[in-house]
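One chain follows as structure tokens, the form predicted alone.
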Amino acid sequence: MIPLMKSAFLNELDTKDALVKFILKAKKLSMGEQVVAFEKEFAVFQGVKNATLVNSGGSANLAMLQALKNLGRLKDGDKIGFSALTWSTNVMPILQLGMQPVPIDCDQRTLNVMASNLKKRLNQTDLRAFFVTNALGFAGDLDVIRKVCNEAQIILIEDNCEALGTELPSGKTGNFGIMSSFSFFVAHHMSTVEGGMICTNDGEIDEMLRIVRANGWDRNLSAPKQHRWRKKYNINSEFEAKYTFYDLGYNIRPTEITGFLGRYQLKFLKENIAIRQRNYLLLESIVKDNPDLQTLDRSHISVLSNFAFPVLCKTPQLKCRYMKLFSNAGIETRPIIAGNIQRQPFYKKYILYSYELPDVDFVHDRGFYCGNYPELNKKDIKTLTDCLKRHEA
């Protein structure tokens, strides 16, 4: 069988051995110096000023929107655009925080929202923010999307959980919006088992994220920042400050284990990305020769950190045929993220109106994906290529 993932970590035995030694020697396992070190090292990798580690990618999405509400940059009732081909935790925080989700169609050729899709939606309704998902390691024309958002005074936020390491000529995905989320869940580009990161160059947002992450208190801020918050609210003693809560927050703190694993796995990330791209290009070459399947347009992407290999069939009938081929070969498959999010039960429960999303429907009805990761061996690759070749009914 070729599962979606073969191991919890890259270089799994070495990682587990290092983790055991760390746990035995660690003085504490609650959030501390390993978390801080990982944040700094990840910020350097991503090329941003600030990185805040949390307990999951889903928590990162929630924290980003909560921070913007706490700062008054978003408010109840605001319309928030989002990529309609996405994961549940991109949409749920919009609902949970009292704002209005507005789905934006993708382009079936890229699996992502393009600037043209965003402009089309803006012709129908205004938006206060746009929460874009960089799906499966691909991305839209983010440089143009950023320009559209800037001109319309729309806050751009990125979910980069599936595209860690992908680059456009104009920069890394995750660096186009005011902040971005990353996931270190098992089977993502790098694993800490559970874990997520938020990156931003905005100092005010970074400060609020650290308040949101830890119950609304100031415990993880620098001394000067703590002094400023305490002075603002007349908190005159260290004793009182320990249990003073300044704004809405959650307990979404990571552990030292998360920080240690993140630092250890970060060492292998560049090689990981290179292998994922190499695997993708090989499989793509087979798809190009198969008229049953649609090749994706990645011409605007300079480095493709592929999350999983998408198979987009020309018809729903062909999808059934190829999914059966994959299943018979022992290849584990999944839908392309959550498909058209408007079809999900939770969405229909809370949102009574819907938008036409023809390209997302196309992907929903004709697409699926399989795993792509460094542990795929030559036999695995051959099995995958054999299934991607044209098969007569």
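Please read all numbers here as calculations on a predicted model, not as lab measurements. The first residue of the sequence shown is number 1, and the count goes up from there.
Just so you know, the form predicted together with a small molecule exists too; it's not on screen, but the next bit is about it.
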| query | finding |
| --- | --- |
| Interface membership of residue 133, the small molecule in the model of the complex, 4.5 Å heavy atom rule | yes |
| Contact of residue 70 with the small molecule in the model of the complex (heavy atom, 4.5 Å) | no |
| 4.5 Å heavy atom contact, residue 105 and the small molecule in the model of the complex | no |
| Touches the small molecule in the model of the complex: residue 161 (any heavy atom, 4.5 Å) | yes |
| Which of 49-57, 351-359, 320-328, 31-39 sits within 4.5 Å of the small molecule in the model of the complex, heavy atom basis | 49-57 |
| The small molecule: the contacting residue among 128, 298, 121, 188 in the model of the complex [heavy atom, 4.5 Å] | 188 |
| Interface residue in the model of the complex among 89, 290, 220, 279, criterion: non-hydrogen atom within 4.5 angstroms of the small molecule | 89 |
